[in-house]
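A single chain comes next, written as structure tokens; it is the form predicted alone.
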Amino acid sequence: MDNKSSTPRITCAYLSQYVGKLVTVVGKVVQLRGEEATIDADGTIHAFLNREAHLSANNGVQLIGKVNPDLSIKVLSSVDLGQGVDYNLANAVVEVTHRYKPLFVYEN
């Protein structure tokens, strides 16, 4: 049995389309409070971090997590991308992957 899955790249605008699903988000860390973070990914996303997350305010971050019904994200993994993130490019990649979904997303 082939059990492929994907984590589509999204921005804040796509959250409601992916409730209950795994996604990838690239954005800027706006605020950190314990195990919670506010991320700007072409809009504000509230993220619940795991204990392995080591993020810094104002740095870029890549999150992989599950979208909750309240449109927050329960983070499964995160990578601090530092200061040099091109957010316009990250958002453009999201738009291309949604325009040409069959090339990027495997759906059961």
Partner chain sequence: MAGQITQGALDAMFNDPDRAQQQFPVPILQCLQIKTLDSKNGGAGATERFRIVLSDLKNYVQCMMATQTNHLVHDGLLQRGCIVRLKQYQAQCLKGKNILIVLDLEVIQSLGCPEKMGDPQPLGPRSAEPQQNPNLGSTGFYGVKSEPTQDTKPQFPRQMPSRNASGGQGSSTIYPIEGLSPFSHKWTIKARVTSKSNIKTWHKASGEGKLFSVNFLDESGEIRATGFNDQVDQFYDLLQEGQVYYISTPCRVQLAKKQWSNLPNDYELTFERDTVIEKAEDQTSVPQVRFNFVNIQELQDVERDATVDIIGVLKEVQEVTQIVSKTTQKPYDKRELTLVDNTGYSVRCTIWGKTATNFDAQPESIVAFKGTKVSDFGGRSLSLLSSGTMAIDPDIPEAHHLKGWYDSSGRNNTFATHNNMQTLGGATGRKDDTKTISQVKEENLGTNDAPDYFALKATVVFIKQDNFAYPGCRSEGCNRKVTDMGDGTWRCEKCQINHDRPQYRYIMSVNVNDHTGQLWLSCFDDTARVIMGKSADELMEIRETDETRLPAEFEQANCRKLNFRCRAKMDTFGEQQRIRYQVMSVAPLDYKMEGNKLNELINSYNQMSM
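Residue numbers count along the first chain shown, from 1. Bear in mind the structure is a predicted one, so any value in this text is a computation, not a measurement.
What follows is about the form predicted together with its partner chain, which we do not show.
Trainee: Please determine whether each residue of Phe48, Ala57 and Pro69 possesses a non-hydrogen atom within 4.5 angstroms of its partner chain in the predicted complex.
Mentor: No: none of Phe48, Ala57 and Pro69 comes within 4.5 Å of its partner chain in the predicted complex.
Trainee: If you check in the predicted complex, is Val96 within 4.5 Å of its partner chain, heavy atoms only?
Mentor: Val96: yes, in contact with its partner chain in the predicted complex.
Trainee: Any of the heavy atoms of Ala92 lying within 4.5 Å of its partner chain in the predicted complex?
Mentor: It does: once its partner chain is placed as it appears in the predicted complex, Ala92 has a heavy atom within 4.5 Å of it.
Trainee: At 4.5 Å between heavy atoms, only one of the stretches 79-87, 58-66, 38-46, 25-33 reaches its partner chain in the predicted complex; which one is it?
Mentor: Looking at the other structure, the answer is 79-87.
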